[in-house]
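Take a look at this single chain, the form predicted on its own, given in structure tokens.
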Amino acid sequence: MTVDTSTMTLAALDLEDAPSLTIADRLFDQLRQAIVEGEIPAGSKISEPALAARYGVSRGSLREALQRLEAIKLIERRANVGARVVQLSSTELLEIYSVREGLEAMAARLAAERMSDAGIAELKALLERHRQELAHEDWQRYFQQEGDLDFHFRIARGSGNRRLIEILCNDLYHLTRLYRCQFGMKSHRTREALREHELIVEAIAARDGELAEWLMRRHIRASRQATEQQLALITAGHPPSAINGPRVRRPRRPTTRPPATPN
């Protein structure tokens, strides 16, 4: 499939909005958003002349943006085929969750040690906005769009580890959103996930890195298990709208520290 850029609804570049960013920076951000939200569908062929004409940019700036998209695995190039948006598999999605489990647990521990009081206050305010969205039954929007991953993004930033931030924020989170849109996935444990988020923030605010790490690992693992069951139903031929989803037990507030890990 070739993207018809004449019908795309993305706004054209406005060079006055962000003078600190280059044309390639801003084009990269807009194309990344279009890909992860499915406006440029998975598997679509990238037409450089069409995109350059649509955005009124040079081929050089466009190629720089495309190279960056390729570096974060959102597009791929093949000999004699050209560039295409990645077409992802369920196996790859589950692999991403496995990687996130380890890395985000580490990020939560570091955030408990390093995140500023102001950063923790902002995290609590974010959760309050999420509660309001769920109260208005806007929970699928919360899951499909930035809400869920914005929480994880902030904790990754709070870790203060630049390499960890790069991997999570500029690679894995965008791929996770792309998968969700590609498979038309819906969350059936959003309220449980929000409660898990609250427990993680409480541990971070208490500066309990060990507990925060354990809670985050358990949270990502529960999400992976729920996703795995949804994917199994999709593979069996059930449309996403017909999937009731697995019921995941709401986590209890920990009254004791997580079990010690053997040396």
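In this text, the rigid core denotes the largest set of C-alpha atoms whose superposition between the two forms falls within 1.5 Å. Since the model is a prediction, treat every value here as computed from it, not as a measurement. A residue's number is simply how far along the shown sequence it sits, counting from 1.
The discussion below concerns the form predicted in complex with the DNA, not included here.
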Checklist outcome for this item: Only one of 218-226, 56-64, 33-41, 193-201 has residues with a heavy atom within 4.5 Å of the DNA in the model of the complex, and that stretch is 56-64
Checklist entry - Which pick from Leu211, Ile46, Leu69, Leu231 sits with a heavy atom within 4.5 Å of the DNA in the model of the complex? => result Ile46
Checklist entry - With the partner left out of view, is Ala121 within 4.5 angstroms of the DNA in the model of the complex by any non-hydrogen atom? => result no
Next on the checklist: Can you tell me if Val81 lies within 4.5 angstroms of the DNA in the model of the complex, counting non-hydrogen atoms only?
Outcome noted: yes
Item to check | Touches the DNA in the model of the complex: Arg77 (any heavy atom, 4.5 Å) | outcome: yes
Checklist entry - After superposition on the rigid core, does the Cα atom of Arg77 shift by at least 2 Å between this form and the one not shown? => result yes
Checklist entry - When you overlay the rigid core, is the Cα of Gln230 off by 2 Å or more between this form and the one not shown? => result no
